[in-house]
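The form predicted on its own is given below as one chain in structure tokens.
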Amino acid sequence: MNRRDWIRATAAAAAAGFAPGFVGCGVRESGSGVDPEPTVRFPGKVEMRVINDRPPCLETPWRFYREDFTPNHAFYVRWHLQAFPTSIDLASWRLRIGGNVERPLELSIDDLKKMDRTTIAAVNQCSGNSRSLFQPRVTGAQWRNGAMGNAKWTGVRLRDLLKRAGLKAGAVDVVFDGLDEGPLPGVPDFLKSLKADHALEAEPLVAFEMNGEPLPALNGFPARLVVPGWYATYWVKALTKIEVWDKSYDGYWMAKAYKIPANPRANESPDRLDAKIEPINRLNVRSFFTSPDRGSIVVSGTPITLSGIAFDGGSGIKRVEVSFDDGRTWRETMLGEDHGRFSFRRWKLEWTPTEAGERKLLVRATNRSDETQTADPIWNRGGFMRNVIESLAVVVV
């Protein structure tokens, strides 16, 4: 992505009415959730709903969730800091690994590609996906449901890199830094951390490919952290530095930002905020309709196929159910191909409508840990982790 392309894209965003942001995504009213809004096409992407233009926060169009894997050119975008990389010289780019290690490393992209590689299918979902639907409203990026995507990520296991560097005794946290920077010196750099035990598990990757192609510029080229089953705040993009600490990391983006109530549903009351909070971590269970479209007209007595997606934080989806009577009874759907416990799981169900008028359909998923979606939506101050039972309205004629 060159500077000329970027200037053209940001100019288009400005023409559509999006003013430059400062740090993070600006708050924007999302209206009813179904009315059309301006879209902008950024370099390497289809036209996408713009939450913010600088740094770019772009939402995946819903039609692309009808595929098992979200195409790279439609995969949502979320950067936190205004000065993010729009061009990278691979000849000089290095991934530096240091801190509490025996052998500090500087690895080129070719060095990474020479190591044993692995591929994992995993959902990347913004912590604030669906934030615009919280009532009462909360501040932050006003995403609808499109701040998520599923991809095949290819790269090197994080633990292989750490073993090559040689962790010293007493390793506590592993801290990750990307190439994005704040517009002013006082803006905290976007650094995230994992506990050393988690970093040494089999799943976390330093990925350099997405769906069999190099990472798109807007999704973290040339390499990014992939933390399957965890919210995308940990998936640091344009990764450039990994540092092992012999104590707990307490930077802004861990100690202050992305905190949730420390209870099973991350739920609290606007009138009584929980005193005990913790960093956001594992995805909760969700499911959605992807077909037919909201507001579709269907014919009474004619069978149609309902379909959608479900996912969770790694337990795996056990069943998905649909209700046609406002949740009084539920019908189990047929699950599609299992691409792994961190991936979207597709579902479908044949339905023959028999009563004319508007019908509201409901969907809920249950994972193998028996966690499920509930009818009562959660609320928390950050607008994180929404997983209410989703609905779809259609008209039967």
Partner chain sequence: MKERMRNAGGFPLVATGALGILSAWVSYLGVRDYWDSSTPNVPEIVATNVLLPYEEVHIPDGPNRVVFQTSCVICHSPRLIFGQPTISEAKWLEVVNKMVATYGAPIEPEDERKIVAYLVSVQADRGDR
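Numbering follows the first chain given and starts at 1. Just so it is clear, the structure is predicted and the values come from calculations on it, not from any experiment.
As for the form predicted in complex with its partner chain, it is not shown, yet the points below apply to it.
Residues within 4.5 angstroms of its partner chain in the predicted complex, judged by any non-hydrogen atom, belong to 216-224 and to none of the other stretches in 216-224, 309-317, 67-75, 100-108. The shortest heavy atom separation between Arg341 and its partner chain in the predicted complex exceeds 4.5 Å. Contact check for Gly140: a heavy atom falls within 4.5 Å of its partner chain in the predicted complex. Taking the partner from the other structure, its partner chain in the predicted complex has a heavy atom within 4.5 Å of a heavy atom of Asn52. Contact annotation: Pro188 falls within 4.5 Å of its partner chain in the predicted complex, judged by heavy atom distances. Of the residues Pro183, Gly229, Gly327, Gly166, just one reaches its partner chain in the predicted complex with a heavy atom at 4.5 Å or closer; this is Pro183. Taking a 4.5 Å heavy atom cutoff to its partner chain in the predicted complex, the contact residue among Thr302, Thr305, Ser248, Ser87 is Ser87. Residues from 241-279 that approach its partner chain in the predicted complex with a non-hydrogen atom closer than or equal to 4.5 Å are Tyr252, Trp253, in the order they occur in the chain.
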